Ligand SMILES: Cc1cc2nc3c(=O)[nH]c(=O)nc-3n(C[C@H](O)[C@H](O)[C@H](O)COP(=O)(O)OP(=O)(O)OC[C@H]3O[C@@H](n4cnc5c(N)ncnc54)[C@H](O)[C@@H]3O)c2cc1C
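Here we start with a single chain on its own, the form predicted alone, put down as structure tokens.
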């Protein structure tokens, strides 16, 4: 298990294929890794078994964490989130709605001092807000709140961010392949030299080789590591249910000010509000269902923040699986840290050429990519530093290339009708459609 800056051994100099690195997983972390490596001049290929963002990343609640939620019980994760909050707002402003956030005190008054102290210790800016003033700004809030603290939470639009990362990776030389499932690892002795891939589109199996393979498959990482007979990485899979209210209840992100628990948060996501989350341990990310009691639980907890939720109801529910790092036998899902770890399987398991990144948050994906890319560069003897902190991600809409859409076979009439919606009342719908079309033109 590594952090950036620790000693690692060098790989052999033989180049195995046309790619330097294989990245397994097309969620936000895998895309960020491919982008970071490509920006350093390396040649990565990303392999995703379904479409991009089809797993954990595509089913989160939309919060760009300020770190305040973890300030008391998980200071390492709190600090990581606080740092990345500022970076993401700077490099991906077109994907962020800088709403700000409120932590509202409904009970547990003794937690107020702990919360303020934790934020101060982790350099997380906070400001007390007059309750009356806050209720005028957010009239749907429970009028019985006792105190309100403002934080720098924001909303990060997941698919926009993912497409921007993918576009940036492609512009810098990375390849991204969707519906390309890794079904085995290629070995030469103790060295992983590549992967066996099932191409689901063309129904064929092929080998892809590279000097290093990175596992960034979220809750499916364990299945990939098992292919190398690695089974002792302590990863706990927790599923969390979220409920969608078909109405924007607030301008800001609203958190309950209490020890982190289930049903603590309501995120304004576009014209909807996301109430979340629950947390329960599961065994198989491909075989689970949302517990029926989650609907009433989230209704109870969400309506404690916004009583009107009981009148509006939920339009739908969805669930996301989080791969958490457990360093002991801890099974309380709210006590397991949200930090991330990098595993070098050469040092830990005598398996060369294989690295895994696990844990973290959507908010910290860029930092996770930086850390594991530093490890890769040291292994390959590449003296290139991370540039993703200060390099702005491209805005796909501003770079829309109609010719790209044409070459993908989209009818001229469809392209014309979409572009003519710009500046109309339905422009937002147009923008969302264009992101999907742009993504399909990239991979």
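Not measured: the values here are computed from a predicted model. Positions refer to the first chain, counted from 1.
Not pictured, yet referred to below: the form predicted together with this ligand.
Novice: Please pick out the stretch from 295 to 303, 144 to 152, 213 to 221, 114 to 122 that is in contact with this ligand in the model of the complex, where contact means heavy atoms within 4.5 Å.
Specialist: It is 213 to 221 that comes within 4.5 Å of the partner.
Novice: Hey, in the model of the complex, is residue 361 touching this ligand, heavy atoms inside 4.5 Å?
Specialist: So residue 361 counts as contacting this ligand.
Novice: Although this ligand is absent from this view, report whether residue 67 comes within 4.5 Å of it in the model of the complex, heavy atoms only.
Specialist: Residue 67 lies outside the contact set for this ligand.
Novice: Hey, in the model of the complex, is residue 40 touching this ligand, heavy atoms inside 4.5 Å?
Specialist: Result no; residue 40 lies far from this ligand in the model of the complex.
Novice: May I ask you to state whether residue 49 is within 4.5 Å of this ligand in the model of the complex, using heavy atom distances?
Specialist: So residue 49 counts as contacting this ligand.
Novice: Residues 26, 29 and 320 are flagged as a possible site; in the model of the complex, is every one of them within 4.5 Å of this ligand by some non-hydrogen atom?
Specialist: All three within 4.5 Å in the model of the complex.
Novice: Quick check on this chain: which one of 74, 264, 344, 181 has a heavy atom within 4.5 Å of this ligand in the model of the complex?
Specialist: Selected option: 181.
Novice: For the stretch 59 to 86, which residues lie within 4.5 Å of this ligand in the model of the complex by non-hydrogen atom distance?
Specialist: The stretch 59 to 86, when checked against this ligand in the model of the complex, contributes 60, 61, 62, 63, 65 at the 4.5 Å heavy-atom cut-off.
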